[in-house]
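Heads up, the chain below is alone and in the form predicted on its own; it's given as structure tokens.
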């Protein structure tokens, strides 16, 4: 059994390798070659923590396994990231455990890769202004991955605690881009692409603020009750998701579906666009929304890539159970 620790994962998995892994698995899901198992996510009644499992199987790559972990809101005071996770991979031929992979950095880059994939396939080619709603730990990964997808000229940011916007400003400066802190309405009116990455339980973006042609990647809603955008935005948009069932159950679409504004059958998998079965954006005035709930297969794909690279580099520790 191989063990790949956090530092090794950071050294080996970059934005492009994460993008390639996530893009591939989204395509496999849409083709019916990979599927996710039901998600388990529970409040454990201790430390205000949410804990759960995401798992699945990819027949193309034979990736089988799960990610175990969750959200501990008090971790920041302990010098730890609030999100904690570990990926466990199994040999699909025998069921024996194959690898144990540190999942904190991996989760951040695979989540960022998902929104980057959506931008690549759905945003207007002439998009030049990107807006970030949320400036937590995950936001910098989101912005770095997104900036690789278009020739951006400016970054706009909003966060409830404006002090945290320095994280996004630093990334913008590193990429030779101006950064501006604005209110939510101004951000929506001026941005060509918007990424929402918060833990909010109420809409932060309103329908009347969204300009024609905007692409919105909703990346924060992954639990029942969470919400980042006005459901009416989805009613007036073409909606895509990593996985439709999960989007309707725990993703941003849960609110629009519950309100009867859209149906599950209105949602399109991003994988069908990747595979060429759906055109994606069809005109420049079209509003597109990507509901990125985060699926277990993303973790398995990124984890398997980390193990492959670690073995090739001689940096994977091997043990016998």
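None of the values given here were measured: they were computed from a predicted structure. Residue numbers count along the first chain shown, from 1.
The same protein also has a form predicted in complex with a small molecule, omitted here; what follows describes it.
Contact annotation for the candidate site: 134, 160 and 197 all lie close to the small molecule in the predicted complex (heavy atom within 4.5 Å). Interface residue among 219, 113, 234, 143, judged by heavy atoms within 4.5 Å of the small molecule in the predicted complex: 219.
Proximity to the small molecule in the predicted complex, defined as a heavy atom within 4.5 Å, holds among 294, 280, 52, 27 only for 294. Segments offered: 119 to 127, 170 to 178, 198 to 206, 143 to 151. Contacting the small molecule in the predicted complex at heavy atom distances within 4.5 Å is 198 to 206. Taking the partner from elsewhere, residue 107 is found to have a heavy atom lying within 4.5 Å of the small molecule in the predicted complex. Although the partner is absent here, residue 138 lies within 4.5 Å of the small molecule in the predicted complex, judged by heavy atoms.
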